[in-house]
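Below you will find one chain, with nothing else, as structure tokens; this is the form predicted on its own, and questions on how it binds or moves follow later.
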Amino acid sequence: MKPLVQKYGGTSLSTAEHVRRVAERIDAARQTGRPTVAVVSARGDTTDRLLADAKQLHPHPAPRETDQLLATGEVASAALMATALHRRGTRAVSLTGAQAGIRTTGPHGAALIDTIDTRAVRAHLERGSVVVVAGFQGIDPAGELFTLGRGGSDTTAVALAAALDARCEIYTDVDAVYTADPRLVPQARPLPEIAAPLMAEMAFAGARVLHARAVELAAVRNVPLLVASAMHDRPGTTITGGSPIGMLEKEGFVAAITHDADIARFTIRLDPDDPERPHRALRAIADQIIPVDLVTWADDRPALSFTVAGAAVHQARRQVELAVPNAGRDVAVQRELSKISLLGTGMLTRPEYAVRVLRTLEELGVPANSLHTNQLRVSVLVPAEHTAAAVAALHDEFEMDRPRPDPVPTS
């Protein structure tokens, strides 16, 4: 039997009773005869508490020491899960990212997985043990510890599944991928299935269910992927491979509305005497692997603009200030923005979608600061205080509470 990799998020491990319940689920998977690996996140709000502790001692902790500190949350979760499995009479062993053979490259706090040496994991599986791996971390060739950034445990799980030729199941505090955040839109529907490219776009556009890097890796390495609840036995959402684009042009559809209510937009005034300024600014941010979105720039325009997640704004500002002379005068940062995105297929061939988005917001009295499109999404920036109303109105405008009909057969 091929191995199974399961990942459990921090909410599902927040109390001792939750850990016991997850241990029971892991043990049930093992009893089917499949070699089982469990990847765990830090419990509850552990990561936030550790960051707060560090910032009480220094307003800007060193990235290396931050990684050393934050990785302990996942290591503790792994050891506790192995202990809970032992109590059930199940053989189990906890491994750090380094012990699991995860090798990384890139900066502290945003490292990328380079390779995985699976010999240690396979040896434990062959001895009949459940292997519990601390997510979110690995080491570089010199043995230095690095964390993978937001969503890193998802990426750890998918990378291990790819290396082990395994199926991957992501268990979290939601029971499926929905057409919109059900906390904002009660009539939002769970999606039984969604294509990996579209799911990756949704994740990058603000859906919190999965991290974009994890979905992209699953698509590239053809890893079967399921997202489901850690607390309930519900079917969840299957992430399928391949392109989400239908063979017939008329098969375009709207799949979901996502939002990210913590967005910052940078605007850098262009200087005709310094034509390399935009290149340097974007290069400096790319060097730190800070994702940017909604980039607008042309030679005949007076400014370069782009968005970053609110959590990355201070790091991005530091990089821009290093790259741009007179940054205080020539760089503006607008906060308290929300990026709302319409996700689906055929967006570029259906300009009426963008028109409907703008008309809906206008009728609601919500100002749209900018609008960007590609084949899979239409994204618009609005003031953050209008997020809930805008998401609900767009969900209603595109009738997303109704199930999408099956695509027209092509043969």
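Residues carry their position along the shown sequence, with the first being 1. Nothing here was measured: the structure is a model prediction, and the numbers come from that model.
Beyond the structure shown, there is the form predicted together with a further copy of the same chain, which is absent from this document and is the topic of what follows.
A.B. asks: Let me test this: is every residue among 325, 356 and 360 within 4.5 Å of a further copy of the same chain in the predicted bound form, going by heavy atom positions?
C.D. replies: No, none of the three is in contact.
A.B. asks: By the heavy atom within 4.5 Å rule, which residue out of 228, 75, 320, 212 makes contact with a further copy of the same chain in the predicted bound form?
C.D. replies: Only one listed residue qualifies here, and that residue is 75.
A.B. asks: Can you work out which of 129, 237, 94, 179 has a heavy atom no more than 4.5 Å from a further copy of the same chain in the predicted bound form?
C.D. replies: It is 94 that has a heavy atom within 4.5 Å of the partner.
A.B. asks: Within 4.5 Å, heavy atoms only: does residue 86 come near a further copy of the same chain in the predicted bound form?
C.D. replies: Although a further copy of the same chain is absent here, residue 86 would touch it in the predicted bound form, with heavy atoms inside 4.5 Å.
A.B. asks: I'd like to know if residue 143 sits close to a further copy of the same chain in the predicted bound form, meaning any non-hydrogen atom pair within 4.5 angstroms.
C.D. replies: Although a further copy of the same chain is absent here, residue 143 would touch it in the predicted bound form, with heavy atoms inside 4.5 Å.
A.B. asks: Is there a heavy atom of residue 68 lying 4.5 Å or less from a heavy atom of a further copy of the same chain in the predicted bound form?
C.D. replies: Yes.
A.B. asks: Heavy atoms within 4.5 Å of a further copy of the same chain in the predicted bound form: does residue 59 have any?
C.D. replies: Although a further copy of the same chain is absent here, residue 59 would touch it in the predicted bound form, with heavy atoms inside 4.5 Å.
A.B. asks: For the interface check, one of 367-375, 380-388, 48-56, 30-38 should have non-hydrogen atoms within 4.5 Å of a further copy of the same chain in the predicted bound form; which one?
C.D. replies: It is 48-56 that comes within 4.5 Å of the partner.
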